[in-house]
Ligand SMILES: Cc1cc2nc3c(=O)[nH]c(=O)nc-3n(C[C@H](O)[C@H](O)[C@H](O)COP(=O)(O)OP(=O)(O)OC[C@H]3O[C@@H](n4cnc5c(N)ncnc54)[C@H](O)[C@@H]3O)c2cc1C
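Starting off, we have a lone chain in the form predicted alone, written out as structure tokens.
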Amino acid sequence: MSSSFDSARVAVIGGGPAGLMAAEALSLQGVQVDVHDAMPSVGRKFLMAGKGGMNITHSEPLEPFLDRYGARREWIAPLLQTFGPDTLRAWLRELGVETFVGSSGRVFPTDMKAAPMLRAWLHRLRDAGVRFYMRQKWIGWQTEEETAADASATAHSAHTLVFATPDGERAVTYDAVVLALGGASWPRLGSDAAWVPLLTSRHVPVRPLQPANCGFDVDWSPYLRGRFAGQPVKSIAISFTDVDEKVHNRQGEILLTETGLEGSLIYALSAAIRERILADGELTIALDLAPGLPLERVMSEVTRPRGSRSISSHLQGRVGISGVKLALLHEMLPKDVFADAPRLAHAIKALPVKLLRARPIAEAISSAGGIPFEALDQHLMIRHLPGVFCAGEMLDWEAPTGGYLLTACFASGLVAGRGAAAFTGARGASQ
């Protein structure tokens, strides 16, 4: 196949934010773009993420924003310098979607919904000539012989991709391909990691996929599970030491579940918690049930004579401990501690809770692991597979919720799309 401007044809596999942004970048360079997705419609995980309010990005300055990507900061930085949170908001405005900054600094569409944004975006992409092929699951390249040949291909080899469709297998040849197939979280929405063996068979390194922004198991008693599962624990702080001996101490809200702990505070710390559990087999965190009060104040209040009042009434009246917080104290402490005011005060400020393991990756909001950036060039092309670009959660990075995940997915899709356009020789693609 010729790779001229007039006939360049690129496949984007995966119809999430990264894939759609890659398709837009390619179409703007005059490239014919075919988006293939295994699901009946695109953007399913995107729509699901927006059900509770579409948190699209975050308003904090770029430097602390970049810090949210941890060990992958230096690799994510060039992507966000190309398409960062401010550029994303401007892009949304061009799409007809106005945004606002919430009290937490998170950025939302004014209507808080994902569906109108997705509809407007798809309309624009179709108007630009992007073609969509649904229920088209990518199952690899055409032959093993071609696979071997492509591994040492010259710069402009074509890629014959094979898709499983409702009408049988279909092979299509493209000048380049952008893979945006997601990680391994929420497989029922399409991110099933079926791409891993397809790439490892071609000697592409893939770091193990692990749950991120996930909950963790705790061995609760039947009583706590039955009475308090599903209840939020507000105004609480978590502290622990990670594998690098860094002490984490952060305040927020958690959710007590039948299996353990979840919620925004747990998600924000999930990477460090997960790595410590992987290193040591478990992790005991300390919960501060009264983060607004210093230990001395809690000690003073708890040791006051309580007269005929029950310990429950005493704790509620003196330090505001009741409901699920009181239940956590009874769950984790021996009965004799409630008769020992100094020990009880210390437990209120540092209640030990043992986290056993991360919840299964299929339940996680996102996943860590994937194709390392070291295997890619600056355009996100796999170095030893010319014409194969990768974007989104397929890459080895992670970030907490708060708009950081989506922003990097958009940015990586744009960079991969521009890279694929430049690879095919599209006019002005590298500008």
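Residues carry their position along the shown sequence, with the first being 1. Source: prediction; values computed, not measured.
This next part talks about the form predicted together with the ligand, which is not shown.
Could you work out which of L66, I371, A38, M381 is the residue within 4.5 angstroms of the ligand in the predicted complex, going by heavy atoms? Result of the distance check: A38.
From the list A229, L189, A158, A115, which entry has a heavy atom within 4.5 Å of the ligand in the predicted complex? Only one listed residue qualifies here, and that residue is L189.
Taking the ligand as it sits in the predicted complex, is M48 in contact with it (heavy atom to heavy atom, 4.5 Å or less)? M48: contacts the ligand in the predicted complex.
When the contact criterion is heavy atoms within 4.5 Å, does I365 count as touching the ligand in the predicted complex? Yes.
How about V178: is it within 4.5 Å of the ligand in the predicted complex, going by heavy atoms? No, V178 stays farther than 4.5 Å from the ligand in the predicted complex.
Any non-hydrogen atom of G15 within 4.5 angstroms of the ligand in the predicted complex: Yes, G15 sits close enough to the ligand in the predicted complex that at least one of its heavy atoms falls within 4.5 Å.
Counting only heavy atoms and a 4.5 Å cutoff, which of 179-187, 231-239, 270-278, 349-357 contacts the ligand in the predicted complex? Going through the listed ranges, the match is 179-187.
For the three residues F83, W91 and V388, verify that every one has a non-hydrogen atom within 4.5 Å of the ligand in the predicted complex; reply yes or no. Result no, not one residue of the spot touches the ligand.
Going by the ligand in the predicted complex, which residues of 402-422 come within 4.5 Å of it through any heavy atom? Read in sequence order, the residues that approach the ligand (within 4.5 Å, in the predicted complex) are G403, Y404, L405, L406, C409.
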